[in-house]
Ligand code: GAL
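To begin, one chain is listed below as structure tokens, in the form predicted on its own.
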Amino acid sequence: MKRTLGVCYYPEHWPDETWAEDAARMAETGITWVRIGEFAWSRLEPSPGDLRFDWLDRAIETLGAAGLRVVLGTPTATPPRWMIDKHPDMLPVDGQGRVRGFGSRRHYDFSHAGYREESRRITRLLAERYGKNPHVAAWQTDNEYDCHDTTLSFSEAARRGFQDWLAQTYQSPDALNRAWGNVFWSMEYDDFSQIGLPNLTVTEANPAHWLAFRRYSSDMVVLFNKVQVDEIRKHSTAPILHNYMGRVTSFDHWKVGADLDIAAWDSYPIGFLSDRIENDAGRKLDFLRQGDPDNQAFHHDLYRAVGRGRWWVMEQQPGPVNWAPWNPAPLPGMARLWAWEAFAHGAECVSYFRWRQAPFAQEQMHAGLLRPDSAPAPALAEATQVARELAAMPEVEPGRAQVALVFDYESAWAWEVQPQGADFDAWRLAFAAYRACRRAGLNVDILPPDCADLSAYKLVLAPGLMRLSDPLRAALAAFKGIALIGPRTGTKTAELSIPVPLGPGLPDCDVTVALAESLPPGAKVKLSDGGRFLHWFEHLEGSATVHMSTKDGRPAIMGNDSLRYIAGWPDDDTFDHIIGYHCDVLDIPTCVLPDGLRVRDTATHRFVFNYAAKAQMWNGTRIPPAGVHWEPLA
């Protein structure tokens, strides 16, 4: 499949007479796709029923006439002010019971049935009008679900919806009481109408209550998205996507993605380094203008899986952003490197945000490909260079991975509800395992928790899964490679209680987690080979083979030839050793990479990316800062 570039554009922000010039410059740059419309509801319907699509007709025609393909967004992330008058109870409510008001964006509650129907209506109107338009070649639903922490709402609509969801899920209050263990602290209910939301309790609510609310809230995102997808599919055969975000675990992306054709995500490497990725201060300075060398790749692989092989970067950072605590400019060349790294991981399109920097409102400090005065911003030349390079090397197909990592959103909710240690985080644990694979030069596939076939892989990692699904358990039983399970995997039931017999319950493998302890910063469990566990350690029992021990003789890795349980959270050096050792056993080739240098194999080429701020050598080739090198695979 031919790889392409895109850009996000807001024709409603600019005079009509500039559209044709903008479109021509986009085409000249080498851009193929243009996303529009996702925030334009107030211009499409300035008052209830007053539909004004004429300007959108002209914008689509202007872009299409320049040879550009349009991704049309549904505008439901920014309902207009009149919508609040019509549905005053649609506003989300935070965990402290405060209404989150109008004046920015994402001011809606996924649980509100009235707003869901309004979203269905505007989506239907757009699909009816543009579903057969030859220039509208793809659709985007809404924008960045959960941005600004909007998955969870503690509103009256959410309370009523949650009660109905519980009644359908458990069928009777007695069944719910048994499942949640409500005999504890006399929390038993006689009727579903008695059950409130789990916020604002005197002390912690029942963890099963919280987990149920997290599942319900995720289901509301899935439903909200599906309502729009169903309307579009009635009138269009063009692919439908959603632009997910980085390090967002509040809803199940696997389930949302099941209704879509393409997964996309919004990649802001420098913003995420400052805002969302744990690194020490020195390392953050080292990668200040480049971003974490593994964060983008992790999300590329995650969303490739969510999209079942089809995925985009819908928003690629081109310069300083406006929303992080600090917003430095990228190192020259990074806008090119980030794009090529995405293509090496199989992206169909990398779309820069945005075409022209806005001189007004909340995002005016967010750079674009053009400055507010329409002069070129630094990233424009890099995007043009990528377009030329793509034309010369159009086929960049994903390479085969021998290593897989299982990632589960439900487990992320579980450990947020019951972390047991203040720094235990499911995403962070999965990312630590992924980073170790990247440092070894490995391609990694990310798999859903219900994966039923592991036969394509030699090494599988399953860290921090609350429970093992039946399909995954069966796949592990049949697995011929080595699966590294844990820590904390298979140690809870579906209701977040402790199973009896105790976990992890690995098939044909006598390992039991007898006790778990969390470790504060600075504490560690030393291993016999010089490694160490941080954050978390489990006391293991059983007759399985001990493959690695702590310095004081307790099991650190325990299992059989194929299934091995890791009893703690390895630090980076220890993770490197564990991955390297098992790759040697399995005859998986690895390499030792300097810090900041990363590789990715496609079907035909090896790509080398230099995230470091200094030049580095690769097999005799000097790769400059922010440099990209590729060579044919032998």
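Fair warning: this is a prediction, and the values are worked out from it, not measured in the lab. Start at 1 with the first residue shown and count on from there.
Not on display, but discussed next: the form predicted in complex with ligand GAL.
- The chain is drawn here without ligand GAL; in the model of the complex, the stretch among 186 to 194, 482 to 490, 537 to 545, 319 to 327 whose residues come within 4.5 Å of it by any heavy atom is 319 to 327.
- In the model of the complex, ligand GAL sits within 4.5 Å of a heavy atom of Glu363.
- Contact check for Arg129: no non-hydrogen atom falls within 4.5 Å of ligand GAL in the model of the complex.
- Although the partner is absent here, Phe353 lies within 4.5 Å of ligand GAL in the model of the complex, judged by heavy atoms.
- Ligand GAL in the model of the complex comes within 4.5 Å of no heavy atom belonging to Arg473.
- Contact with ligand GAL in the model of the complex, defined as a heavy atom within 4.5 Å, is made by none of Arg160, Phe251 and Trp413.
- The listed set Asn243, Asn225, Ser153, Thr74 contains one residue whose heavy atoms approach ligand GAL in the model of the complex to within 4.5 Å, identified as Asn243.
- Proximity to ligand GAL in the model of the complex, defined as a heavy atom within 4.5 Å, singles out one entry of Asn143, Ser217, Ser236, Gln290, which is Asn143.
- Contacts to ligand GAL in the model of the complex (heavy atom within 4.5 Å) from stretch 255 to 271: Asp266, Tyr268.
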